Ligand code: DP6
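Consider the single chain below, provided in structure tokens and representing the form predicted alone.
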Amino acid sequence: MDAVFEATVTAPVNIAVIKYWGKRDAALILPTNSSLSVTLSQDHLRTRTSIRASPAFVTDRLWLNGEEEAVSASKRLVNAITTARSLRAELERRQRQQQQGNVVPLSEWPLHICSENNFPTAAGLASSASGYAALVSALGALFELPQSASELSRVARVGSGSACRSMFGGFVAWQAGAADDGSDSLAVQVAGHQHWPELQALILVVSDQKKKISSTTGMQTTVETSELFAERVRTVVPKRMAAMQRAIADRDFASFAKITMQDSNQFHAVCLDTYPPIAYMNDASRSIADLVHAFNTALGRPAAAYTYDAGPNAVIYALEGDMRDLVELVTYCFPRPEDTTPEAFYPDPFGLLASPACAGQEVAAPKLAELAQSVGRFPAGTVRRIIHTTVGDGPRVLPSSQSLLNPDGLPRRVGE
């Protein structure tokens, strides 16, 4: 039986607490400022990608969430694959020079790529970050590249800027760098995923629809028109990067929460300062932010922190000890859609509620029950889904049994 050259990888979503917005070089995706993110668990949010190389294939092919798409239609995808192939070609050249036996010319063979997300794409949940991190990690495994995760993060970056941060678990900084060729613009891990085990995240999906203004278009317009943006890049972000790294190192949630919310607020203020203005948040987004502030006031301390990327969906960070109260408040104030089961709306993976059927029925803590009554209940379906997760690890290489490709190198059908 002929050898099969294939790799399957899952990669995580990351959510920035210090935002990346704006490029100094659009072709190389070099950011105007450094950023810092939290990697979320792949047990709940992930992209799985299988890549096979074969001389029997005619051309590169891609299937994304069950639909075939032209590889050539995405310049970023082509750039990422081409860059990885060049690294493999250099490895093959060195192997031949060192006479290391039969060198398999994987760099010359066409690829079949099959990728699936288990969450909505293009809705502000960092689907491109996990997608390109999975792609590059799978290429690295397939091609047996010797480069480190930081070095490979440069390859992920040319596909999607924030993808470089999904090459690591835990807490990750994307260093903006200064070199024109982008050689020093890469991701480094600030702390591992087990550094702060009490930190959890609650994602409130307000909309799973594709956003009207893409991040790429929005960034370009902001750089060209926003006066607030220049001040953010010059003075605000460098101070916040240093302060956030201290907060993470010290597991100081009060500081972490304040910086996270301030940076999210400023990011969206910069978007509104763009001309024409860009509004990624909607009324539901703002209501969730108000509820978080009210939650903190009721408890008399920073117990939760919201952040919003380029979309309306909220990510709320809280420590494990406060998460039950937060979940009860959120599920009460934002009832599930009528066409959704309790288990689908909030699966309750950590067993915080007596049973999934109890979600949204009451708030136990007296202060929060009073708050819930004063806030009231929003229309059912204002929040479409709740995802409860933790800080997670980086890309995982899976066994061949979990490949998305069948023996012919085509996407597996259900049940295969």
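Keep in mind that this is a model prediction, so the values were computed, not measured. Residue indices: 1-based, along the sequence shown.
The form predicted together with this ligand is left out here; the points below concern that form.
For the candidate set Leu329, Val237, Met219, Val205, a heavy atom within 4.5 Å of this ligand in the predicted complex is found for exactly one residue, namely Met219. Between this ligand and the residues Arg286, His195, Arg76, Arg85, the one pair within 4.5 Å by heavy atoms in the predicted complex involves Arg76. In the predicted complex, no residue of the candidate spot (Thr39, His44 and Arg396) has a heavy atom lying within 4.5 Å of this ligand.
For Ser215, a non-hydrogen atom is located within 4.5 Å of this ligand in the predicted complex, even though that partner is not displayed. Using a 4.5 angstroms threshold between heavy atoms, Cys114 stays clear of this ligand in the predicted complex. Taking the partner from elsewhere, Leu371 is found to have every heavy atom lying beyond 4.5 Å of this ligand in the predicted complex. This ligand in the predicted complex is approached by Ser162, whose closest heavy atom lies within 4.5 angstroms of it. In summary, the region of this chain contacting this ligand in the predicted complex, judged by heavy atoms within 4.5 Å and restricted to 61-69, 345-353, 386-394, 23-31, corresponds to 23-31.
The partner is not shown here, but in the predicted complex the stretch 305-320 reaches within 4.5 angstroms of this ligand through a heavy atom at Asp309, Ala310.
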